[in-house]
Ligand code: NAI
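Just the one chain here, the form predicted alone, laid out as structure tokens.
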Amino acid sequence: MITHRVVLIPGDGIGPEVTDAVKQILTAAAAPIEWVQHEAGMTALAHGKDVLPAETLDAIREHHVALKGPCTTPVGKGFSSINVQLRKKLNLYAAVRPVRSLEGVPTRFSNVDLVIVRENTEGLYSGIENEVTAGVVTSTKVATETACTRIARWAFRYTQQRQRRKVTVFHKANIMKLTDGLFIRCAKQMHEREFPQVGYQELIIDAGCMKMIQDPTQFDVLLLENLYGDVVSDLCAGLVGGLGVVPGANIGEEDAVFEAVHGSAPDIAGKGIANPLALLMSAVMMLNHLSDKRGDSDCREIARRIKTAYDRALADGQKTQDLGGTLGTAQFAQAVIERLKG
């Protein structure tokens, strides 16, 4: 069995707790992972390092795969988001967020099965802001044909490889005719030239969000620019139980970072009650990625076993407090491990 070296960034707040739980589950599943631990965020600052140390970036560039717990981002001041920095410095242009209904996690909707693909490097997240004069600021939205074409190809290729039905582009090209106009033009060209067999749809984002809340099962793979993808991916998480039950990945040509998409929750850090499911789901995505990139079928089978085990745990009512259950972090991890054994 091949052993894969993976950079582990526990993160801040509840990050180390949920990370430990996920490590235990992967060990119990005999996942062929050797962890290379590094720091980022407030934890790195507390140890006298930069918020995103060079050695952490270098390690990801060397091993090409990382699993990251949540990192704290100050609101309105302080350092910029670790996630945004990682995406820019490593050119992780595709943010991927699968969202599906889970047995044992009741919501207003059932049979939700979506994948949100978000362009990760441009748009308003380019961070180009200026104060024109006192009390007047501007923010520049950036769109390039290169990045728009690249993310469109990624979304269509993913849809085809996973045997999904169609790609729907959410946009506001009726108002932002140049930036969003370029985005949908590149998506349409990609559909017509390289993936005509994949279904294709365009929707103005406000109408698309309304339709999403009316019936999310009418959608399959959503393709969005940066800001829209950020907002809509969280909206979709709300359809199935919140950010604690959805995974996330940031993928580039060379490197990939898999992460829990929820916050660091400092108010419950150290209490042993945090839900490790989102990071565990992200680790399953990571194993599937290793299988795709390195041809390791063992990783795919282990990913399938872990997914089956946490699905069974939830269906059996083994849930943490945020989902209406009574289990703590370690107890939920043990419930999953027990179901790995049969």
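When you see a residue number, it is the position in the sequence shown, counting from 1. Just so it is clear, the structure is predicted and the values come from calculations on it, not from any experiment.
Beyond what is shown, the protein has a form predicted together with this ligand; the following relates to that form.
Residue-level contacts in the predicted bound form: of 123, 229, 244, 248, one residue has a heavy atom within 4.5 Å of this ligand, and it is 244. Residue in contact with this ligand in the predicted bound form (any heavy atom within 4.5 Å), chosen from 208, 181, 263, 104: 263. When contacts are judged by a 4.5 Å heavy atom cut-off, residue 71 counts as touching this ligand in the predicted bound form. For residue 9, no non-hydrogen atom is located within 4.5 Å of this ligand in the predicted bound form, even though that partner is not displayed. Taking non-hydrogen atoms only, residue 90 never approaches this ligand to within 4.5 angstroms in the predicted bound form.
A residue is said to contact a partner when one of its heavy atoms sits within 4.5 Å of a partner heavy atom; residue 83 meets this definition for this ligand in the predicted bound form.
Of the candidate stretches 266-274, 139-147, 187-195, 172-180, only 266-274 contains residues with a heavy atom within 4.5 Å of this ligand in the predicted bound form. Residues of 306-340 that come within 4.5 Å of this ligand in the predicted bound form, judged by any heavy atom, reduce to 322 alone.
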